[in-house]
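Read the single chain below, which is given as structure tokens and is the form predicted on its own.
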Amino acid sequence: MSGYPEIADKLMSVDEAVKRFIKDGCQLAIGGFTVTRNPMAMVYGIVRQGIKDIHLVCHSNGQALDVLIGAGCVKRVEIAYGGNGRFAPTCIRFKKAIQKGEVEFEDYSNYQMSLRFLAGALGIPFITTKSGLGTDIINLEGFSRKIRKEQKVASQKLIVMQNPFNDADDKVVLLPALNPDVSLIHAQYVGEDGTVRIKGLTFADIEQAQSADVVIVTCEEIVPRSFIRSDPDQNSLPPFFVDAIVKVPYGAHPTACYAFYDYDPKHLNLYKKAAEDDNLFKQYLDEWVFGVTSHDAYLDKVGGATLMNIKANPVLGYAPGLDRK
């Protein structure tokens, strides 16, 4: 770490980043999408440190969402979708928690959640859209009036109003902005100057980072400034947005990281079986989260053969011969 003087004050371990920035009751945004680029190393760190009562805000997430909820770290969720693709069209622990009333929950469309983060990034209190008109997203609310009095919760889910620039019947939807306390994203590269480069689809990660008070970036590699300055249009976030940088190769496992590794079907199938049963899920956490002392120990447990099996073709971005059953 001493080899990167420009970012020396931002470089830290998973445990250090959690301890410094993530507190009980915080509003937390997590990046990635279903089984792609979830910030899993940080999520495991949050679970190990016993952070509670998180107000989770996501565009569409999967494994990270499910582990945090299953481990009892989450009090409240605002999200468009939570699923692990073919392994769980709806995340299993997430679904169980909603059905049992164990977490407070409010849903928006994918586009609406993207717009809410965009509004936060732009520094405006709300944003307008036509998305959602004619659907039950408009008609049904998940949060009670009591919850809406709490900090970081919008006083209303949304507002439907007449377009003030059109005399004809022309309804628009006003969506409240999101400004999370902390945003977690996993990227392929961080430059030695702190510039972040996400390869492949960015989903809502950039807007989530721009809207947050604190941004923690985990990454596969820290690269020279010369690399970051080549193809500068490929860069995603400037250094001044980033508060903490954590180098964790395979930090998104068992989800995928484009151009580095594919998702791990063996582990996701193992997780699916465990998540369906309360006792098996507790055993899963004991073995895969509490039972490892560091990310390196976690990777040793995953095993070199598995990591090689999911290694991505750098041109295609995924592992073409991977058995995905």
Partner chain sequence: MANYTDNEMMAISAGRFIKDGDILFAGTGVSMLAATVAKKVYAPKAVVFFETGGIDPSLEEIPMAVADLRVMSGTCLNSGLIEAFSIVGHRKLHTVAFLGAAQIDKYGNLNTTVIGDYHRPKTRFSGSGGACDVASFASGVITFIQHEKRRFVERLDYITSLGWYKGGNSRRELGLQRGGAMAVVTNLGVMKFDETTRAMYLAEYYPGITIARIIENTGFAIDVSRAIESVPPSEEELRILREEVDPQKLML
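This is a predicted model, so every value here is computed, not measured. Numbering follows the first chain given and starts at 1.
Just so you know, the form predicted in complex with its partner chain exists too; it's not on screen, but the next bit is about it.
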Which pick from 151, 156, 230, 99 sits with a heavy atom within 4.5 Å of its partner chain in the model of the complex? 99
107, 220, 181, 243: which sits within 4.5 Å of its partner chain in the model of the complex by any heavy atom? 107
Out of 245-253, 212-220, 67-75, 108-116, where are the residues with a heavy atom within 4.5 Å of its partner chain in the model of the complex? 108-116
Looking in the model of the complex, any heavy atom of residue 238 within 4.5 Å of its partner chain? no
Can you check whether residue 305 is within 4.5 Å of its partner chain in the model of the complex, heavy atom basis? no
Partner proximity in the model of the complex: residue 134 to its partner chain, non-hydrogen atom cutoff 4.5 Å: yes
Using 4.5 Å between non-hydrogen atoms, is residue 141 touching its partner chain in the model of the complex? yes
Need the contact residues for 23-39: heavy atom within 4.5 Å of its partner chain in the model of the complex, sequence order, or none if there are none. 33, 34, 35, 36
